[in-house]
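Only one chain comes next, encoded as structure tokens, the form predicted alone.
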Amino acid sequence: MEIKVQVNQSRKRVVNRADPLIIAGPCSAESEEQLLWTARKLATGKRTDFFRAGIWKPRTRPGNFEGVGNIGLRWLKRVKEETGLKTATEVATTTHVYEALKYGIDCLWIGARTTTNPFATQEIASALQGADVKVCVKNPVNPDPGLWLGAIERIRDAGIKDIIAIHRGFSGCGKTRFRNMPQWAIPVWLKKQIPGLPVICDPSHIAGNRELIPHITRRAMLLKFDGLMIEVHPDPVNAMSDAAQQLTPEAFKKLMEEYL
């Protein structure tokens, strides 16, 4: 895609809307205590709209931490009851969808690996038929705009009205400073294909390194993204997944103050 994107690189803070959507929380649910502690911190800051945590973790290779499973849904339910924060988690199968809806999860997101597979996306869309829930669709791992658009259309055709696209970057060959290449032209293109579609940015997955998250966040705000998904953990260095790209609650608060 040859679209070139130019942004104002001045240091002035740029907020594209009065109420950017913020989804924040740990990469993975590791324990009930971890979720509640983090959620309380985020609720106190009054910047977070949805508390996110992965319950089922799709990993590239077996043997890595693959999530706590259904028990994590009980923890998220308690988070919602005790803090008032709405909750969000990733779903990759029809069983995930049914279980998450049963526990009142407010927002479901479809991950980059799932978006790559139209069969899997369609199965999830069918399971969502008639559900009153917010659904986020992450871009596919590979830089294929049509796959991203098609996944959103499948969810829309299932009757889901509240849909958000999440830009989390794309895999590439060779080493770069980012875990996933931003390729900003692709989400800009997507917004033109579906006018009015909210598109938010996931700086954590693009950066892969907490030191780069402010840079990605600023670029997303300058490009008028509608919000952010940020990974926040009480002890990022010892996180069971994606340790390098998670922020402490204090660092998250500073990020929000500087860029929003």
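Quick note: we count residues from 1 along the sequence shown, nothing fancier. Source: prediction; values computed, not measured.
There is another form of this protein, the form predicted together with a small molecule, and it is not shown here; the text below is about that form.
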Notebook entry, point to check: Among G72, P187, G111, P182, which has any heavy atom within 4.5 Å of the small molecule in the model of the complex?
Noted result: G111
Next item on the list: Identify which of H96, R168, R154, K134 has a heavy atom within 4.5 Å of the small molecule in the model of the complex; exactly one of them does.
Entry: R168
Check: Would C27 count as a contact of the small molecule in the model of the complex, using a 4.5 angstroms cut-off between non-hydrogen atoms?
Finding: yes
Notebook entry, point to check: Counting only non-hydrogen atoms and a 4.5 angstroms cut-off, does H205 reach the small molecule in the model of the complex?
Noted result: yes
Note to self: My question is simply whether K57 lines the interface with the small molecule in the model of the complex - judged by any non-hydrogen atom within 4.5 Å.
What the structure shows: yes
Checklist line | the small molecule contact in the model of the complex: H233, any heavy atom under 4.5 Å | finding: no
Notebook entry, point to check: in the model of the complex, which of the stretches 192-200, 57-65, 41-49, 210-218 has residues with heavy atoms within 4.5 Å of the small molecule?
Noted result: 57-65
